[in-house]
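As structure tokens, one chain now follows by itself in the form predicted on its own.
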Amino acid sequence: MQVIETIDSQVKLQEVFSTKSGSVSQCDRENCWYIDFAGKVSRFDYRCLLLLKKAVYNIDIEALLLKNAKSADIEIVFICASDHFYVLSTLEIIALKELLQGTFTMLELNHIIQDRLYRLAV
């Protein structure tokens, strides 16, 4: 994990996961997550991060790709518990889904490692 310093020297972000499209960083001091995606950096608490994951995972990408309508291939991802929203194309939805999937995989892996180390120490 890479440590990223922000403008405020007291706040340090740890990169959890990144792709070519964006990154997710964790701030232990503020107990929040920062998502750098689609040209903006958004701050989420863990509950909102889970809601974002659920909203993105509920988008039927196959239906978007197979749609014959002449409407734009965009989706608006809005989380009612947060001030942030995304207007994303189908490719951006796929990229955000990949970013979130990698992030939660890394968090699960970190949890497994911490659990095993704790068990060995006890």
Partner chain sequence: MKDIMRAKCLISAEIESLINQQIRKEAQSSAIYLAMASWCDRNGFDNSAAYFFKQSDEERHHQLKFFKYILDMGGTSVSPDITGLKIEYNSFREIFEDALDQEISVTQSIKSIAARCHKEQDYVTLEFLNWFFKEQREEEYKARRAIELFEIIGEQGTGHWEIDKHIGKIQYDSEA
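Only a predicted model underlies this, so the values are computations on that prediction, with no experimental measurement involved. Residue numbers count along the first chain shown, from 1.
Below, we turn to the form predicted in complex with its partner chain, even though it does not appear here.
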Checklist line | Candidate from Val41, Cys32, Ile59, Ala95 lying within 4.5 Å of its partner chain in the predicted complex - any heavy atom | finding: Cys32
Next item on the list: Report yes if all three of Asp36, Leu64 and His84 come within 4.5 Å of its partner chain in the predicted complex by some heavy atom, otherwise no.
Entry: no
Note to self: Can you tell me whether Cys27 touches its partner chain? I mean in the predicted complex, with a 4.5 angstroms heavy atom cut-off.
What the structure shows: yes
Check: Closest heavy atom of Gln114 to its partner chain in the predicted complex, within 4.5 Å or not?
Finding: yes
Next item on the list: Determine whether any heavy atom of Leu100 comes within 4.5 Å of a heavy atom of its partner chain in the predicted complex, and answer yes or no.
Entry: no
Check: Would Leu49 count as a contact of its partner chain in the predicted complex, using a 4.5 angstroms cut-off between non-hydrogen atoms?
Finding: yes
Notebook entry, point to check: What residues of 98-121, in sequence order, lie within 4.5 Å of its partner chain in the predicted complex by heavy atom?
Noted result: Phe104, Leu107, Asn110, His111, Gln114, Arg119
